[in-house]
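We begin with a single chain expressed as structure tokens, specifically the form predicted on its own.
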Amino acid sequence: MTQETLNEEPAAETQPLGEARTPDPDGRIPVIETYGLTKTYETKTEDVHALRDLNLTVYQGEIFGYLGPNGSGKTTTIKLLLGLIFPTDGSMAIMDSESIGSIHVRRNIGYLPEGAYYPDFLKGEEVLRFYGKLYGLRGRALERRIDEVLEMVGMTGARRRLVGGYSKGMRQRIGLAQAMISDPQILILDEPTTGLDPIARKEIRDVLVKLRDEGKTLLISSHELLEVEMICDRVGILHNGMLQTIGALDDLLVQRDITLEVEVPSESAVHELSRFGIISEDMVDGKALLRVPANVSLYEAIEQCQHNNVSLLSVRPRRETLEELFVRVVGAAEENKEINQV
């Protein structure tokens, strides 16, 4: 037996998901489930309801966006799932196990906290080596995994630099590498693109999508709604500790209006269309883009174009953005809260 073989210690096993689990009617396998999950903090003056009756399911192989204003209960949920705090009521299961603190569950979860702190006197690779050992990795298996995750987050060239000399974005990258060090089946990421420049954000998005395509499950809490919209399969929006809406983006984002590309005979024709709320966004060389509001049907818009001798070139429906959905849902929740308090 060679010295290299002696140094090759077995990596901590991460049991694959889904082998003994029952898919839902759509063929999806639940990985994270909560049932009436509630967390109340008792104070001398009043009880603080951080989370109320949360029923949530996150499925294998999806990126789930967990959204909400500050103080809505996102961090409380994450702490409950990680076993850092305990629920006041309700229950939860991860990988079909209600034993959240079991070794099997812990080995299969990677966590990136918001504003992760690592000692300034450690090098980047030393941070990863420390966390890898906590997961049970040793020897050459650990060193190979360190090489892999550093390359994935674009930090290979800075692996021997002190963390104290890292920029905010570099700290965020090493934090993501730390979350991936054990090759977990579940990644819980709190603000994963904070502090990154646009190029770095794109690179990290590509990494997260690649992990999903490999069958990993990602729960992402973020205020970067554009980032979430670009990569998430489903989202849930919290407000005042309650889940306000949940679903696939294609189901939640409603159509806002329609853009028509047209040829117009004159500006007066565009003016006539404006009487029906059809607004010209741009007009160059006899061609224009017309914004048709949601209260005007496509049939009505086409009929008015024909009536004014405006030739239709193309039709482009526009759905609302995730930011618009977020504002709409949170606004409705605030209105309901005020009504209930009257």
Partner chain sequence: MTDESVKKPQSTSDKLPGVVSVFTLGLGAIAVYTWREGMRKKTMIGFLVLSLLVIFGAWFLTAFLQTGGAQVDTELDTKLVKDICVTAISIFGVLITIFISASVVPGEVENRIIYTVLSKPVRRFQYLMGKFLGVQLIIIINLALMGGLFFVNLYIQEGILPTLLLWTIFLTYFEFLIVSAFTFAIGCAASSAVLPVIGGLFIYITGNLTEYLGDVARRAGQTEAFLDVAIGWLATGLYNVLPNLQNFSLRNQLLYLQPNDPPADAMIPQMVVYGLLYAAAGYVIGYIIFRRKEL
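Residue numbers count along the first chain shown, from 1. Given the structure is predicted, the values throughout are model-derived calculations rather than measurements.
Form predicted together with the partner chain: not shown, discussed below.
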Hey, of 257 to 265, 174 to 182, 239 to 247, 222 to 230, which bit sits against the partner chain in the predicted complex at 4.5 Å between non-hydrogen atoms? 174 to 182
Would you check whether the partner chain, in the predicted complex, lies within 4.5 angstroms of a non-hydrogen atom from each of F64, Y66 and G90? no
Proximity of G27 to the partner chain in the predicted complex, heavy atoms at 4.5 Å: yes
Taking 4.5 angstroms as the cut-off for heavy atoms, does G83 touch the partner chain in the predicted complex? yes
Might R159 be said to contact the partner chain in the predicted complex, defining contact as any heavy atom within 4.5 Å? no
4.5 Å heavy atom contact, P198 to the partner chain in the predicted complex: no
In the predicted complex, residues of 43 to 60 near the partner chain [heavy atom within 4.5 Å]: Q60
